[in-house]
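This document starts with one chain, in the form predicted on its own, laid out as structure tokens.
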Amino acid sequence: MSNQVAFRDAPFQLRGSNFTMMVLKVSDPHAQNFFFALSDKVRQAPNFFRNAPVVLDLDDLPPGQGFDFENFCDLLRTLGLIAVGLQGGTREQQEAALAVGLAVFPQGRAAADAAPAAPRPVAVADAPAATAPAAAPAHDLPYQKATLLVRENVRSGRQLYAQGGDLVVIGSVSPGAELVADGNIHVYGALRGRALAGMAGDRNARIFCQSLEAEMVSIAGLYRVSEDLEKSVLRRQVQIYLDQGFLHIDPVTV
């Protein structure tokens, strides 16, 4: 039997892929208001957080502090958040996470090299419609210029990733579609899906679109979901950028 036939008849295939995941930075899991505050955050954008995969980041957890992964993950599930892995933490914490079925993710640049667009870091915290990235570097990262040009509408369920450069769409983006770029994102039509620019940590990246109707927009891990968008910028030509650690959305005037 040839290798080609054997491969075709195999009962499974292993493939690499990219998925959107949030990173929940945990500094004090025992705080009395932890899950109350998290619940309030989830209620702000229920469609965005519903059944969302979450990676736990324990880098801010004081050394030696205990962590009950099983109970913590059960409480997350009551909010509709599904813990799938751990980033950071001690060796003991990583072993405890593995014991309850969580994966252990590499950190920082190693994580980006292992899976360029995943995890897409979003730390859940109290901030005005934006959160600080857990895995993105604190400084601006240079990237090699390489433009991915798409000359058609992007249908629902499709994901495009411009690794190392900009993503340009000459058309509209449907709800449920996802645009990801290490550089800038340009949409010469309506942006109705998700757009995540500066994924390699470039905080100078920007998003431009002719009509803002997005489910989520993000620059270097700082994001806004549709529920956070002001009515003054909806269905308008806008540019989206970071300034002093906050995500700004400005109408483009000609």
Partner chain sequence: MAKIIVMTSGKGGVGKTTSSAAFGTGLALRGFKTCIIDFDVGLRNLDLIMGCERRVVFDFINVINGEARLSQALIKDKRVENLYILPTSQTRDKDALTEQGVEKILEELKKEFDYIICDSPAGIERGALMALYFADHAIIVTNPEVSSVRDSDRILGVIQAKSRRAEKGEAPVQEHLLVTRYDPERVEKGEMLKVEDVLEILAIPLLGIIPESPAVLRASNVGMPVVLDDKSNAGQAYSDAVGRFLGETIEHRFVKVEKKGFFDRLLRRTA
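Residue numbers count along the first chain shown, from 1. The shown structure was predicted, so the numbers you read here are calculated from the model rather than taken from an experiment.
Another form, the form predicted in complex with its partner chain, is not on view; read the next lines as being about it.
The closest non-hydrogen atom of G66 lies beyond 4.5 Å of its partner chain in the predicted complex.
With a 4.5 Å cutoff on heavy atoms, T147 does not count as touching its partner chain in the predicted complex; it lies far away. Taking the partner from elsewhere, M216 is found to have a heavy atom lying within 4.5 Å of its partner chain in the predicted complex. Remark: L38 does not count among the residues lining its partner chain in the predicted complex, judged by a heavy atom distance of 4.5 Å or less. You can rule out all but one of 55-63, 25-33, 202-210, 225-233: in the predicted complex, only 225-233 has residues with a heavy atom within 4.5 Å of its partner chain. In the predicted complex, the residues of 154-171 lying within 4.5 Å of its partner chain by at least one heavy atom are, in order, S156, G157, R158, Q159. In the predicted complex, the Cα atoms of L179 and R77 sit 3 Å or more nearer to each other than they do here. A decrease of at least 3 Å in the separation of the C-alpha atoms of G80 and L196 is found in the predicted complex, compared with the displayed form.
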